[in-house]
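Take a look at this single chain, the form predicted on its own, given in structure tokens.
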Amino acid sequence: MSGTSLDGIDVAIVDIQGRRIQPVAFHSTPYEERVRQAILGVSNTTATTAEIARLHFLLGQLYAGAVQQACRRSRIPLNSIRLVGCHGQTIYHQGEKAPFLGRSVAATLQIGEAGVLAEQLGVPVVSDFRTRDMAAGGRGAPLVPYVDYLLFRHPRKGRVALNIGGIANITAIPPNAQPAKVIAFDTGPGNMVIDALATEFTRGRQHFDRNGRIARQGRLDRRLLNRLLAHPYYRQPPPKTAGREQYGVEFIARLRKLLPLQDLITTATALTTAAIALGIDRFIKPRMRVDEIIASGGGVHNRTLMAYLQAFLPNIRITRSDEFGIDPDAKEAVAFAVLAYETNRRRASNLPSATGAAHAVVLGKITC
């Protein structure tokens, strides 16, 4: 898995037997800065087909190397790996249909050539997970809720699985719920805006706000926060998705004109958590009891962010996925291992209640 934060390639090695999901090892390989910049250079912007094609094949090589490195680090023989699930790097995602050449189309593109992975690793690879859901009328996201449901459902407790990656998203699982009752959507920015501002503030020395130290020293501008939260996206009912299209370069450029950088980082941290809280208050609490929130993703390491989140949701227990045996940094990589497993068995693994698809479908393409 390599997500919108562009911090690197996460590899989870998972033992799956039926419905038993057992993470075995996890390793993250950071992107070289020049690779990171190249990905940014082709994301949601005009780029040449040559640039995209070369990066597509290069990422296949890097993904294969990351799997090999994860096996070496964890002392797991490469030949014990039976299947690889690869989400790829999203460079464009338009989940809703829009006019194009006289037709109405949705579109998504994840790069990282599965054929290169399969050739270098010698195992089948499942990739391109989002397109079949979109062909069935869905937004192609979020896909992780299917795995959240398998991991965290409870007969008596209402739970919200929260992932704070580049984008923040939630999966709400009512007590003793059937899959059709799961509610899932992107709440808004996760770490993406904070990371971009922190990179600028530190002049490239770090690409995130370590432990939330910068945000802790800045000033929260409540007027700007309220102005940002007035955006129609936060009132739009699910299913819905967000990404670099909404919170990328143009969004950052608009913010930069409004406040000093340090105060912007503080306010962006509050925006992430306030948007999560709004999503839960507006769209989850009216439908189910929320007993606890199970958080994962890089945002759980930001102490200021997590403190804001608890302040916005004072009456809900907030815990982390490692309490349930899932490394918070590994959960999305674990999820795509599980989705690949389901695809390999020709089982549907999207949740139409989360993506808006007309029906459940088998996700992805298998490269043998």
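Everything numeric in this text was worked out from a predicted model, so none of it was measured. A residue's number is simply how far along the shown sequence it sits, counting from 1.
Same protein, other form: the form predicted in complex with another copy of the chain, not shown, and the subject of what follows.
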(Q) Counting only non-hydrogen atoms and a 4.5 Å threshold, tell me whether D10, I318 and I326 all contact another copy of the chain in the model of the complex. (A) no
Q: Name the stretch: of 37-45, 297-305, 310-318, 328-336, exactly one has residues whose heavy atoms fall within 4.5 Å of another copy of the chain in the model of the complex.
A: 37-45
Q.
To verify the annotation, which of these, T131, S74, N211, Q246, has a non-hydrogen atom within 4.5 Å of another copy of the chain in the model of the complex?
A. T131
Q) in the model of the complex, does Q61 have a heavy atom within 4.5 Å of another copy of the chain? A) yes
Q. Closest heavy atom of F152 to another copy of the chain in the model of the complex, within 4.5 Å or not?
A. no
Q) Taking 4.5 angstroms as the cut-off for heavy atoms, does P175 touch another copy of the chain in the model of the complex? A) no
**Q.** Contact flag, S104 vs another copy of the chain in the model of the complex, heavy atom cut 4.5 Å
**A.** yes
Q | Interface residues of 52-87 toward another copy of the chain, as seen in the model of the complex [heavy atoms, 4.5 Å] | A | I52, A53, R54, L55, H56, F57, L58, Q61, L62
